[in-house]
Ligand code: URA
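Just the one chain here, the form predicted on its own, laid out as structure tokens.
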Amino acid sequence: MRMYDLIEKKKMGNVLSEQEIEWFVEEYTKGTIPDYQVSALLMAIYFQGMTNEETVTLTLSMAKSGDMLDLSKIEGIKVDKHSTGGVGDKTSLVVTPMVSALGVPVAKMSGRGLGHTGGTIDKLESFPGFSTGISEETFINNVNTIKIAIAGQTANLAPADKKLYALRDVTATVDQISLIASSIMSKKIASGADAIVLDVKTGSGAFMRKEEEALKLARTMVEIGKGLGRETTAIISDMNQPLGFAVGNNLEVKEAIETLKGNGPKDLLEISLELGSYMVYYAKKANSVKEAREKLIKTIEDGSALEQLRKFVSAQGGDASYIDAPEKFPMADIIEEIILEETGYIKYIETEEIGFAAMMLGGGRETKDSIIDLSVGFIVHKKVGDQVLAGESIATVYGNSRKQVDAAVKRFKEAYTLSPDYLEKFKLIKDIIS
């Protein structure tokens, strides 16, 4: 088999065989195919696309390129949840305690934040002592005993995806639906999930800004899951404004705790219940999605979800006392209100800019080696459709450097567009693909 022939075949719009895709992924992972030839193939795929069958084969080939986690020692149906990323998205901190309180085994691999989006692991490390670097034995034991464990992705999880993504990043081939979908799903498959629930964000703070693009990605990922024998559902949700009110690690953790106490923002609770309901249903802990939702609400009302969070944090070395005394989380030195000097209704928020403003405070990574300041961020007071009066606060900023705060506040304010007229608020759940 020759790489030249595969490039020519795809360039002409023809379908690559299962054997051809498996061969190129295996050989590229081993380093026997040069980057320039794979770049040519990626560009051909970018323009010619891939069939569902090709995309499924590519996904499984990338999943099999490294470690395939064996979760067979974990009792029950393992359901994984994945978000395509956004601003203020702390749903994993809310969903996983709720579903595990109903006996659903949560064996989750999560990542760190990069750029304008936050990462679950960074948020969890707000608890002093918390570690995601646990052994496989501890990981499995925790899931079997308390029904929940979250670990960082292993270095050898889908290594083909890591190599291909790095190449896509520098060859302008990132935004191709089959390549995006196979990248996400290869890691979910390698992580050992029996069923997968996806939160596909769309809007000004999402990777897929246009709703039709998010729908296409969602359908592709559901088809991949179906093709590989996994129950898969994708929920299209709005990211035209931050999710909840908190943006920043400590602040988001505190908001997640309040949500599990029944005092959280409505939008955060709503998307968490939507995602969690499918997880509970697929795990056969409810006879319908509606029944699953009712059971999840009870975990908040009876305190069992909050108790699960305590057990989970303690089991991975964290100080769970912070859950009952969130004032113990370190607070930023500078806390100020962000004021707009005009009156109107909030018409639009460039949500990605809010994420970058938080990064400027030190709350996000510009590179993988950046050190995060867990105490900084924003609490948003006004969102799309809300009225703002001149001199009224639209948010509170938390920072530790005068220079950083001034620059971040300027960027934050520029993200807001006002209108003299009232506007309808955005619908949170755009669509559900099952």
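Quick caveat, the model's predicted, so the values are computed rather than measured. Numbering starts at 1 and follows the sequence shown.
Keep in mind that the form predicted in complex with ligand URA is not shown, yet the notes after this line are about it.
Using a 4.5 Å heavy atom cutoff, none of Y28, V56 and K64 lies near ligand URA in the model of the complex.
For the residues A151, I271, I257, L179, the 4.5 Å heavy atom test against ligand URA in the model of the complex is passed only by L179. Interface residue among L306, M109, I184, A246 relative to ligand URA in the model of the complex, by the heavy atom within 4.5 Å criterion: I184. Listed stretches are 319 to 327, 333 to 341, 164 to 172, 293 to 301; the contact stretch with ligand URA in the model of the complex is 164 to 172, by a heavy atom cutoff of 4.5 Å. In the model of the complex, F207 approaches ligand URA with a heavy atom inside 4.5 Å.
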